[in-house]
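Have a look below at one chain only, the form predicted on its own, in structure tokens format.
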């Protein structure tokens, strides 16, 4: 895990953007195949929370947002999503809620409710306490 974090820090923003674009194409394919949970997992995997470059953060956000908006069965999401994704998902949920966009907020509040039921309040507290890894 440490090696991956060092690698992310060492990569240039351009290289990270290219990796995110590749991920985006894979997510589009998964969504077209009606595999929204797999698309969300792909979007969340390797999310670069320690990246300081705003372009990279925005590109990553767009990919995760598209995957989250493709979720139709929120209950089914959490029967398939492993707990390792919960904290990063919570960070993206709060980023989405901050947009104020009605369809995004509606979807993200549904997911937030189920995530809080599944992961507990600790997930929210970890998000609030983490001032280093801002999405």
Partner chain sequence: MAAVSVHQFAQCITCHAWSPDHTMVALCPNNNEVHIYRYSLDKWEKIHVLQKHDQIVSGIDWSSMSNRIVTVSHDRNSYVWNQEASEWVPTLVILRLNRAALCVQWSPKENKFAVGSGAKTVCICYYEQENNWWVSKLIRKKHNSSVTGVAWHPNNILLATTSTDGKCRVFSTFIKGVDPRGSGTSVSSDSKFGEQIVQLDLSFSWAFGVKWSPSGNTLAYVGHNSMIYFVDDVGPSPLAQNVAIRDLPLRDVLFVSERVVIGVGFDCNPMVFAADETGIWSFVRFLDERKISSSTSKYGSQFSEAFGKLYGQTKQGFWNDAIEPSRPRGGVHENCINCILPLKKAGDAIVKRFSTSGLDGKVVIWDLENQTDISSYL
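On a predicted model such as this, the values are computed, not experimentally measured, just so you know. Numbering follows the first chain given and starts at 1.
There is also a form predicted in complex with the partner chain; it is not shown, and the following applies to it.
Candidate stretches 94-102, 80-88, 59-67, 22-30 - the one whose heavy atoms come within 4.5 Å of the partner chain in the predicted bound form
Heavy-atom contact with the partner occurs in 80-88.
Are any of the heavy atoms in residue 18 no more than 4.5 Å from a heavy atom of the partner chain in the predicted bound form?
No, no contact at 4.5 Å.
Check whether residue 118 has any heavy atom within 4.5 Å of a heavy atom of the partner chain in the predicted bound form, and answer yes or no.
Yes, contact at 4.5 Å.
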